[in-house]
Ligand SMILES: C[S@@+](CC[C@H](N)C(=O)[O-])C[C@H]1O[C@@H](n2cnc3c(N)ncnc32)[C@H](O)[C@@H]1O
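The chain below stands alone and is given as structure tokens, in the form predicted on its own.
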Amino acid sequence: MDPTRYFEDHWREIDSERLDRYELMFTWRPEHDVLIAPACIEAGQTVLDFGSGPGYLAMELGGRVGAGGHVHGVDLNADFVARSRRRAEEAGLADRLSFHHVTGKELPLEDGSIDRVICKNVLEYVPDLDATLRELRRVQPEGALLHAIDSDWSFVVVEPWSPEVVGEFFGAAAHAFREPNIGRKLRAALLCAGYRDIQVAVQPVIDTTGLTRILLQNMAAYIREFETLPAERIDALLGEAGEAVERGEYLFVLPQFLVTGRA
């Protein structure tokens, strides 16, 4: 892959092993409720899950909007869309969930048709943040809400790694993101796109069980793609994290910026 386009292209093409890891990472859990609470999802609304991945968030949203509402999921990965459609059918929710495979910048939605937009951990990857937000603003009527949830990788903590090692590891994977520090930039970006009444909160992801080693494995794959760290260095760091899990000393912390604006 082209390293200058990797931040987007590695989502267009995902190998089966990584797809399976995302099934574990993106499964909706009750502790995730706090992440979407500011979006104020209610029965009867039409909601867009922008960058819907394997569909777990959209499924949760489908339950919240009820039979009178509708959820649109859009994603640039065809496998994600196929899995999402199958999941909706198996759950008997296909009547209120639509999944769209998008390959360009335009959304297959009418102007002013979406009450709520949720962007969960996706804006860090888009090629043009301003253009993306303008397109999202197009599909919302006045008063609708956009709610973005995203990381800021300069704040990540991984014990037993030192801050210097954390910076080394995630810096070596930076080509996987268009903007690794998107969290801190979202408020200004929403203002520039015409959103108002911007609210900002920070909610940390905290893991002591080792579940987020899946994330470290994904980062390691990004690093190996362009050999931005030696293979033996990657293996040693992942080994240290694994040993910390076995000792009960593992700690992963990543703040999620919750930024909500009104159209």
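Note that residue numbering begins at 1 and tracks the sequence as displayed. From a predicted model like this one, the values you see are computed outputs, not experimental measurements.
Keep in mind that the form predicted together with the ligand is not shown, yet the notes after this line are about it.
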(request) Using a 4.5 Å heavy atom cut-off, indicate which stretch of 119 to 127, 154 to 162, 185 to 193, 140 to 148 touches the ligand in the predicted bound form. (result) 119 to 127
(message) So, Y250 and the ligand: in the predicted bound form, are they within 4.5 Å at any heavy atom pair?
(response) no
(request) Report yes if any heavy atom of A131 sits within 4.5 Å of a heavy atom of the ligand in the predicted bound form; otherwise report no. (result) no
(message) Test of understanding: in the predicted bound form, would F169 fall inside 4.5 Å of the ligand by heavy atoms?
(response) no
(request) Would you check, heavy atoms only and a 4.5 Å threshold, whether F99 touches the ligand in the predicted bound form? (result) no
(message) For the stretch 18 to 33, I need every residue with any heavy atom inside 4.5 Å of the ligand in the predicted bound form, listed N to C.
(response) F26
